[in-house]
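Before any questions on binding or motion, here is one chain by itself as structure tokens, the form predicted alone.
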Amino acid sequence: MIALDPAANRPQFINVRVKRQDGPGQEPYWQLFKIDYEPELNVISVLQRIAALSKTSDGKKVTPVVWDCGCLEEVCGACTMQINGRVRQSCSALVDQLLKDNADEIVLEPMSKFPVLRDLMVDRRRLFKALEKVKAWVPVDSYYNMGPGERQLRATQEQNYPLSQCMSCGCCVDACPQYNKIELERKKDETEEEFKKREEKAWDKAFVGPHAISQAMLFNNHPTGKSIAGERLDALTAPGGIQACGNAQNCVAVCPKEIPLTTSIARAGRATTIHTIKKWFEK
């Protein structure tokens, strides 16, 4: 239990339980850390305090916990992890609020749908490969001045802006029951190139995830991006596309940017249906 300071009515120290793993494919284990309480900490600050101590609550010297972070402003999306059983950004997870929910300890785990590289750091390449699959970008065929682009209605701008806030943090896919973990082992006689090709083939067959569907809808609604709208819809009707979504709606519940992902998925369902019917008549 956390010791309370009766005078200040606040904890004297914080127990932090971390799920650790020394490398890819190795067995995970738990370690408990204890740090002095400070007001207005976030989880990244807690991990920095743990790294400075580099010892468990029973005094055992250990290597610093490994995690990923960048901006510390909930913009880069790099610091995603499971905190007290819920996937979220660790930079915006405030300790004081976490202690209100669970005064005994804070539990930190890596994301559950990606291979662990070490401790709280995971391999998110599959997340970005899905964005490549749906061509989540604006195609550019030149860099010379082509004059002003197509004007956008205010309603279109307001529809697009929330989708543009996606930071590829992976919260939505980690909470999605249709997005399953893929962790392959390299065979003894397999080259690195062959292994990567087999890995990407497995990713290509699996569900792309709500983030990729939403970004496809964003760029299909863009004045220049819509020029390859058909290619994106083809990707969404391929194996692992929109048809793999079970409409659990976990994605929209955990999105730190409150992006209307289920609205994007509904729009994608309608767009892919119309696209497929049109292709039938074109044959």
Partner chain sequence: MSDSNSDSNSEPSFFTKHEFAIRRLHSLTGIVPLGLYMCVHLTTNASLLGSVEIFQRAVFLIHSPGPLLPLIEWGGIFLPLLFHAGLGIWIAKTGRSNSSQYQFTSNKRYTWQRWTGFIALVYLFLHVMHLHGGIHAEGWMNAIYKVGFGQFSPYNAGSSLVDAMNLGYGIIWPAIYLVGVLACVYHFINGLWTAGITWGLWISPQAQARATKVCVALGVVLTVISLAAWAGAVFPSKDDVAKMRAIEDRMYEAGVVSGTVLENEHKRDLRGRAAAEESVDASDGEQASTGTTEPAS
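None of these values were measured; they are calculated from a predicted model. Residue numbers count along the first chain shown, from 1.
The protein also exists as the form predicted together with the partner chain; that form is not presented, and the subsequent description refers to it.
Whether residue 86 contacts the partner chain in the model of the complex should be assessed with a 4.5 Å heavy atom distance threshold; does it? The answer is yes: residue 86 has a heavy atom within 4.5 Å of the partner chain.
Can you work out whether residue 229 and the partner chain are in contact in the model of the complex, taking contact to mean some heavy atom pair no more than 4.5 Å apart? No, residue 229 sits far enough from the partner chain in the model of the complex that none of its heavy atoms falls within 4.5 Å.
Just to confirm, residue 180 within 4.5 Å of the partner chain in the model of the complex by heavy atoms? Close contact exists here: in the model of the complex, residue 180 approaches the partner chain to within 4.5 Å, heavy atoms only.
Can you tell me if residue 14 lies within 4.5 angstroms of the partner chain in the model of the complex, counting non-hydrogen atoms only? Answer no; every heavy atom of residue 14 is more than 4.5 Å from the partner chain in the model of the complex.
Does each of 18, 28 and 32 have at least one heavy atom within 4.5 Å of the partner chain in the model of the complex? So, no: the whole triplet misses the partner chain.
Pick from 96-104, 183-191, 119-127, 170-178: which stretch has a heavy atom within 4.5 Å of the partner chain in the model of the complex? In short, 170-178.
Output the sequence-ordered list of residues from 51-83 with at least one heavy atom within 4.5 Å of the partner chain in the model of the complex. Going through 51-83 in order - heavy atoms within 4.5 Å of the partner chain in the model of the complex - there is one hit, 82.
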